[in-house]
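First, one chain by itself in structure tokens, the form predicted on its own.
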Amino acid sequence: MKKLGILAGVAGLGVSAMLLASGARSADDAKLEELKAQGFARVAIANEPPYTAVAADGKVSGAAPDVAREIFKRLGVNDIVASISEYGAMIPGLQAGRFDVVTAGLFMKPERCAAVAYSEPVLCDAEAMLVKKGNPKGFKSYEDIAKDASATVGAPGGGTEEKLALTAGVPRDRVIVVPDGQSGLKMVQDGRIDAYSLPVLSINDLIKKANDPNLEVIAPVQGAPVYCDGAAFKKGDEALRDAYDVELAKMKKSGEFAKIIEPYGFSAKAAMSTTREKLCAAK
């Protein structure tokens, strides 16, 4: 009898475990069902072409939102609604529930990977600087700016470029937080900063639109790594992230991914040559 009782108890525990697991899965899946019912996903962007862009009529485009829009459609979520945010406010906004996902060139780094649930890689790029024609101060790296006691560099607040400059030894008061690309461009033109730093494709987009022969691009910045972003989800929404990854993998395999991002200048091969695991572990 005791043996039967133990077996019955074990069986009961097994049933309970299955019920708990089922309940956990249901809770995990609830986010996707919520978005389907809502009809859209709220995404954070930075209005930094070609990563993200907002047209005069309010239409959201750019490589990151275009990928996200297609994946969410495949998941049964009809559209995305974007909010422009500074990079430093994106993760807090995601954690506070103001966004469902960040699709904005938010590059993967260990500290960010600890705070959010990233998808597999989407967009990869190196770093660049916008300077006056002839590069009068001879910048090739963030360290060069640090060595020049009078030099200033502009960068997005909370962005990768700001951290790279500070890590290279540029004092805080010489790293100028710039709200957007057009402001950075104007500040270089007016001589208010000596350099403005963004990813290569973002700087190239700025200088192309400016059509100013008195500017030039330093790319890539020496010593700066190549970074990749991914869609960033709130911790606890891993089931939604995993569903997103499944569709992303299908698009990479079919070639649809390349068709979306390569017209913007990004390399599908670069995104497919690495993984979230590698990028999140990189120092």
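Fair warning: this is a prediction, and the values are worked out from it, not measured in the lab. So that there is no doubt, residue numbering starts at 1 and follows the sequence shown.
There is another form of this protein, the form predicted in complex with a small molecule, and it is not shown here; the text below is about that form.
Site residues Leu130, Tyr142 and Asp194 are none of them in contact with the small molecule in the model of the complex, judged by any heavy atom within 4.5 Å. Using a 4.5 angstroms limit between non-hydrogen atoms, Gly184 is distant from the small molecule in the model of the complex.
At the 4.5 Å threshold, heavy atoms of Pro156 reach the small molecule in the model of the complex. The small molecule in the model of the complex comes within 4.5 Å of no heavy atom belonging to Val178. Though the partner is left out of this view, Thr160 does reach within 4.5 Å of the small molecule in the model of the complex, counting heavy atoms only.
Out of the listed residues Leu106, Ile71, Val122, Val101, Leu106 is the one that sits within 4.5 Å of the small molecule in the model of the complex by at least one heavy atom.
Distance criterion of 4.5 Å from any heavy atom to the small molecule in the model of the complex singles out Leu198 from the list Ala165, Leu94, Leu198, Ala82. Segments offered: 46 to 54, 242 to 250, 218 to 226, 33 to 41. Contacting the small molecule in the model of the complex at heavy atom distances within 4.5 Å is 46 to 54.
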